[in-house]
Structures are given as C-alpha cells and as structure tokens.
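Okay, here we've got a single chain as structure tokens, the form predicted on its own, with questions on binding and movement later.
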Amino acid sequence: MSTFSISKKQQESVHILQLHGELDAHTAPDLEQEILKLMDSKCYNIVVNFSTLDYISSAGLGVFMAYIEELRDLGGDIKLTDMKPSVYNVFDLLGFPTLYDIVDAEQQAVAKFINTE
C-alpha cells in the first residue's frame, strides 16, 4: 500500500498543496478530492509543492490534466514547484513543462499569482 498525504496552507489568495510520499493509482483520488474542494470553494490559484513527493505515476499526472483547463477557464492555474529530479523527469518525458508553469521554489510560484492580481 502506498503512503501518501497532502498538507495544505494558504498565502493570500494562493492555496498550496504539499504532496508527501507516492502519488499513484491508489492515491490519485485523494489529490483529485483536494483540487475539487478548492474549486468548489472558488479557490482557483493553486501551487503544488513536490519537495516531499518520492514518486508519481501516470494516474497522478492524469489528475493535473483533468482540471487544468477548467481552472484556467475560471481565471486560475496550477503551478508546480520543488520537484525532485526523478519526479520532474516523468513530467518532462510527457511534455508537461510546455503545459504547466514549473518553477524551482514555492515562493516563486506564489509570487507569480500575487504579482498578477
């Protein structure tokens, strides 16, 4: 059984999800639930911090693909940050860096939202 958890915090209008452990087919619904909760609460500026994520599968990637267009249509976005090289390689292999704003540090991602408000 995979270990996975999500820590949440907020900085101004930006909601930050810190992913811990392994994001795979068994744990992807947990992330999906968190994103849906934010969207239901009209929170559309989301930063996902990957610094403590050890593994991501295609099911985990699918969660991001499922909601990015809707979030952008609502005026928000998902920014990805603090990826370990092994996690970044999975995103890079599938061309995600051209679809998503992937930055080195959480505060950089937060600043991109705050400086455009």
Partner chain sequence: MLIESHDTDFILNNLLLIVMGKLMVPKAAILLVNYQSNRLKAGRCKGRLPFSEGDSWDPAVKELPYDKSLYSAAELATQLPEIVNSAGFSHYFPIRTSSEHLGYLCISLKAGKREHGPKELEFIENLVIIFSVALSNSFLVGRLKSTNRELDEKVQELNTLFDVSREFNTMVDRSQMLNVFRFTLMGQMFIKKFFLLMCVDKQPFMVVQHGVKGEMNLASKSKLLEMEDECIEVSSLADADPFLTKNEIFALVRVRFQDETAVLGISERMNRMPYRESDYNFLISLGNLAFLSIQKTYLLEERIEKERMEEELSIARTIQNTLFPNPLPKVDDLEIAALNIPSQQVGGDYYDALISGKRYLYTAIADVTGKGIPASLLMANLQAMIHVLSPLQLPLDETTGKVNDIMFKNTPSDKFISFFWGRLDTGTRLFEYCNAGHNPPVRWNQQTQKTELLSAGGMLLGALSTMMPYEQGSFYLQQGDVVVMFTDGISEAMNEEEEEFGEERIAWLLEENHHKSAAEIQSIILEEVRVFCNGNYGDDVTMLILKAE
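Positions refer to the first chain, counted from 1. In this text, all values refer to a predicted model and were calculated from it rather than measured experimentally.
This protein has a second form, the form predicted in complex with its partner chain, left out of what is shown; the following refers to that one.
Q: State the residue from M83, L71, A28, I35 whose non-hydrogen atoms include one within 4.5 Å of its partner chain in the predicted complex.
A: By the 4.5 Å heavy-atom cutoff, the listed residue in contact is A28.
Q. Every residue in G62, A66 and T98 with a non-hydrogen atom within 4.5 Å of its partner chain in the predicted complex?
A. Yes, each of G62, A66 and T98 comes within 4.5 Å of its partner chain in the predicted complex.
Q: May I ask you to state whether A105 is within 4.5 Å of its partner chain in the predicted complex, using heavy atom distances?
A: Contact check for A105: no, nothing within 4.5 Å of its partner chain in the predicted complex.
Q | Proximity of D92 to its partner chain in the predicted complex, heavy atoms at 4.5 Å | A | Yes, D92 lies within 4.5 Å of its partner chain in the predicted complex.
Q.
S58 versus its partner chain, in the predicted complex: is there a non-hydrogen atom within 4.5 Å?
A. Contact with its partner chain, yes.
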